[in-house]
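Shown below, as structure tokens, is a lone chain in the form predicted on its own; questions about how it binds or moves come after it.
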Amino acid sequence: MYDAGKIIIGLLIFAGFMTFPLWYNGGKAAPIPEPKVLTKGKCVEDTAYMRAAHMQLLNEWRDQALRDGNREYVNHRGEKVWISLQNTCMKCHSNKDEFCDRCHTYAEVKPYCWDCHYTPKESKKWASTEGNS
């Protein structure tokens, strides 16, 4: 045990590196992003549902539209909605950077929507109106 001092110093340095993210941020989490929406119309479903389950809804839409040929979705309000990411969702959520990427970066997820769909072009109306979805 002639190298006990070196081992203890090495362990302290290792512990410092491993706990650096915790004490550097002081236990504070980043603020939850508030995505910006182009218009203040009604979404397909209510805000709480869309925040919690939009990916499941989009997966169901994909299966209904592409596999079953069903392009009509009836929401919880009883309204019929055309199943289309580009033509339904992107009418209000057209700015991918301000809407999609903010939350996906915060949650550290990488959705595969854009593997098949074109990345939307930003609307010129974007800067004039904003709200929450």
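Numbers follow the displayed sequence, beginning with 1. From a predicted model like this one, the values you see are computed outputs, not experimental measurements.
Beyond what is shown, the protein has a form predicted together with heme C; the following relates to that form.
In the predicted complex, heme C sits within 4.5 Å of a heavy atom of Trp114. In the predicted complex, no heavy atom of His76 sits within 4.5 Å of heme C.
Not displayed here, heme C is kept clear of Lys80 by more than 4.5 Å at the level of heavy atoms in the predicted complex. In the predicted complex, heme C stays beyond 4.5 Å of every heavy atom belonging to Ile9. Using a 4.5 Å cut-off on any heavy atom, the residues of 57 to 75 that reach heme C in the predicted complex are, in sequence order, Leu57, Leu58, Trp61, Arg62, Ala65, Leu66, Arg71.
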